[in-house]
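For reference, the chain that follows is the form predicted alone, supplied as structure tokens.
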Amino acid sequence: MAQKKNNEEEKLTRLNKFISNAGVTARRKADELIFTGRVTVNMQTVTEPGTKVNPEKDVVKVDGEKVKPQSEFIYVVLFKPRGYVTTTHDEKGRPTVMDLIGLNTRLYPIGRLDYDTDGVLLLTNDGEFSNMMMHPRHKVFKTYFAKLDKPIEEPDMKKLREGIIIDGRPTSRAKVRIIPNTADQNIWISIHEGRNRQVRRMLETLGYIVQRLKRVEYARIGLDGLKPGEWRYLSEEELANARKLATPKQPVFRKPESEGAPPADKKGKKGGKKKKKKDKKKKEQLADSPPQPASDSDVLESISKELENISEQIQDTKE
């Protein structure tokens, strides 16, 4: 009897997780659906995301439509062009990224890209994977190419690395690097948060106008030769690496110094301190540099071609 009860409990899952895993929408959006009374369980309205349900027995509906467990997960990377809205439906009638995906399966974008921003956009019907990629605690970085209206100064680079105040609260530390041979006006910048128009707003706060913004990588997944508007399925290797990036790292503990070890002389101590300072500085420099795009040479070549007639391509940065 106890064994049967344990088996039943193992089948239970949180309501928001069930809706997300079923491919209806991302976890945060699922919470909103539940809070606003649009979800029922066995004909009863439920407003608590943590409510436990049994996917095999309970009938869950969103806006009166039954939610079915997802049988097959799909993972896609799209080269989103500028002029497309990152949503499944737009009330203003503007073209959406879904217009570019010709699949019968419902997919949802992982995060957003602004109307005037192009580049890597991931889509899936796997709500759990989407949550792993987007949640700030997993620190999955997204790397952007940004062309600025003027050369970026070192003090401003430092501010980006320390965090910029937006809407009254600081952003997480960004990773920034100037792209060589571009007059210090073009940078790589990596962030793991997903605030609205975050990269543009961080740079605008420091007095820079972003003339061109392109996401070149998300969880080390790049465009890999895709043209604007084209998409492809993620490879098993890309998917595995993305999951690995989102997996919390185990803390590393230093082994205690062995008892009875002879004390270091003054020169040794002084030299040791210098070495520690150098190592610390080196680690900080590496930490502040954004991860290299998966196809760095291809991206640089693509960007250098764009820069030849960038003045013709620059659009109004205001959305």
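Numbers follow the displayed sequence, beginning with 1. Keep in mind that this is a model prediction, so the values were computed, not measured.
Just so you know, the form predicted together with a small molecule exists too; it's not on screen, but the next bit is about it.
With the partner omitted here, the stretch from 197-205, 90-98, 153-161, 132-140 that lies within 4.5 Å of the small molecule by heavy atoms in the model of the complex is 197-205. Here the marked residues 114, 117 and 213 all reach the small molecule in the model of the complex, each with a heavy atom within 4.5 angstroms.
Checking 84, 75, 218, 144 for any heavy atom within 4.5 Å of the small molecule in the model of the complex turns up a single hit: 144.
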